[in-house]
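First come two forms of one protein chain, each written alone as structure tokens, so that there is a structure 1 and a structure 2.
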Structure 1
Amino acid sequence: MTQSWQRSRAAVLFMLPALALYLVFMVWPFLQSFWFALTDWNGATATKTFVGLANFAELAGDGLFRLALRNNLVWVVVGTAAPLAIGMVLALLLWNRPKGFTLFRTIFFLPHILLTVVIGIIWSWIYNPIFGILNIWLDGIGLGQVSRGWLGDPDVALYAVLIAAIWAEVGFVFVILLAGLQNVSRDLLEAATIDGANGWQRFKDVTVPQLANVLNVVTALLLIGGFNVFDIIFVMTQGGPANATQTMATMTYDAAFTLNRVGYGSAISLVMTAISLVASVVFLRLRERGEG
């Protein structure tokens, strides 16, 4: 037995348990999704009837799906931009480790570890029309006329849930940007200052380019998260009121597990997957070109 053969055999054995579990519980059902999506299966019958692309055709004309897609786009834009902006401000404020650094960092990150249900309950309370602190506070500063049941109003419910999600997400973005800032050269910043660059120019032209890798990772994560968002919506509004907070993910869940439309649910989940994959790949490509 040659030694290289032994090492290859060892490599296969080290890989096997992970690969087996991955193939059985992820790759195989993923491939099955494509088959499910081409049927009108209800989950109960023994056979699945092939219906071709009928589910996708229905999806194209489904007003609810358009609404869900629109909500996902709002979520992606606001839910990416806001955590990035706020996280960046917090990271810059704490960059040179001022007094109280550990306290601030610990608290800013804290919401990220909470269970989604806990975040959902806390924010449902904040928004509560009767005892919620948001309305109490608005009354207090003389804006009582805008107070309302925030989660019950179809015009604002999506943004209300989104704010709760941003509150929970900011800390994660912040600690990653803060770590990224540790590798930004202070010498370059000093040089730019001497060359007469103002604060915004230094940030835009010196700091951000050096953070490019970190920003790409964080933005891609937020983008994917925005297209797939489910937990916080399911906990706070279940897609309501009047479908105002439906997203592709909540539609998938409803179709497959509430309405027993397994084929249709699979079709939605695949479209959702395709959109988020394409968006993140396009984003990363654009960034590469921008830097190349």
Structure 2
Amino acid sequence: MTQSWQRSRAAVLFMLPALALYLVFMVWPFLQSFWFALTDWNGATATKTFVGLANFAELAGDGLFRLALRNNLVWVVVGTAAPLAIGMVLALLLWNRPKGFTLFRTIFFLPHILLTVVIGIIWSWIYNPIFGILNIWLDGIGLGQVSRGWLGDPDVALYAVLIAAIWAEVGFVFVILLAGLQNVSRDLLEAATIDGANGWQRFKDVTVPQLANVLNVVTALLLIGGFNVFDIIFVMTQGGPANATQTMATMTYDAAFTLNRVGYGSAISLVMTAISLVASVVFLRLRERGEG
């Protein structure tokens, strides 16, 4: 036992700082959120009135929460599928390192390193109904009837913000998939070509299976991000107009810091965490079953 402890002591000592940070900044706040969700607290006074599951019961009948959940589901579906599809196409185009490879790779990845505030401001200018380049371009090609205040129209505001988010995420997906493609066997692709497989068959039956692990990780990250999206919506619309872009995260912020209902906001955050966790686990299990 002494020899075993001596061998593992260094590893334990190296892990302790990371474990301490995890406990202080992850586990403890989570436990606090769980406690707050069981109370009625305004976030300012010392008094926290215990209400049990009342916040969760109210949440179950909250129409605004159902709207926010629906918006999150739209975001998860479109905000996961679109970056994956676009990122895959870009990665395949640059797989063979054509002329200008470094330049194109930099251009495609650049939006991802911009601050969310910058992205939100840029796209707010693009969507501006008065001087926005999108409306100017539509007017210029004879589609002036399509022009509108994109972020002020409840019917299209969510999708307008979603396009901005997709633009920012594509670079991340592209770089990860491009790196994964470097491990795809060229010999298998050549063998499939000799056997008569066309381009789509080679992609579906040879390339994609070898990218399975990379696709799983990227998809899981996009799923979690879709359920927790907050920053770009807050910058561009703050959940408006008329709650058209409200999500669970923005609803949590409004409840806790605008309405001073920290307990109710904590309940929303816990439900949001549980949904994103379950969705990610289910996706990974389905992928594992499909591969098996």
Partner chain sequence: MATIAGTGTRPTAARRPQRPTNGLGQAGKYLLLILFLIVFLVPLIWVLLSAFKAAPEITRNPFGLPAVWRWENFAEAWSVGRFDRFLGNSVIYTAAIVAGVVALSTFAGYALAMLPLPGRDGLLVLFLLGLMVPFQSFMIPLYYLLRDIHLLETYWAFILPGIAFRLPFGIFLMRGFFRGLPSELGDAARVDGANEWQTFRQVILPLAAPGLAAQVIFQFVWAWREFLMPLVFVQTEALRPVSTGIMFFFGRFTAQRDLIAAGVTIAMIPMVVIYLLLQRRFIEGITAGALKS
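Between two forms, the rigid core is the largest collection of C-alphas that superpose within 1.5 Å. Here, a residue number simply tells you its place in the sequence of structure 1, counted from 1. Worth saying up front: this structure is predicted, and the values here are computed from it rather than measured.
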* Form predicted together with the partner chain - structure 1 or 2 -> 1
* Would you tell me if residue 278 moves between the two structures by 2 Å or more at its C-alpha, with the rigid core held superposed? => no
* Note yes or no: does the Cα of residue 57 move by 2 Å or more between the two structures after the core is superposed? => no
* Fitting the rigid core first, would the Cα of residue 26 be found 2 Å or more away between the two structures? -> yes
* **Angstrom shift of the Cα atom of residue 14 between the two structures (superposition on rigid core)** => 3.2
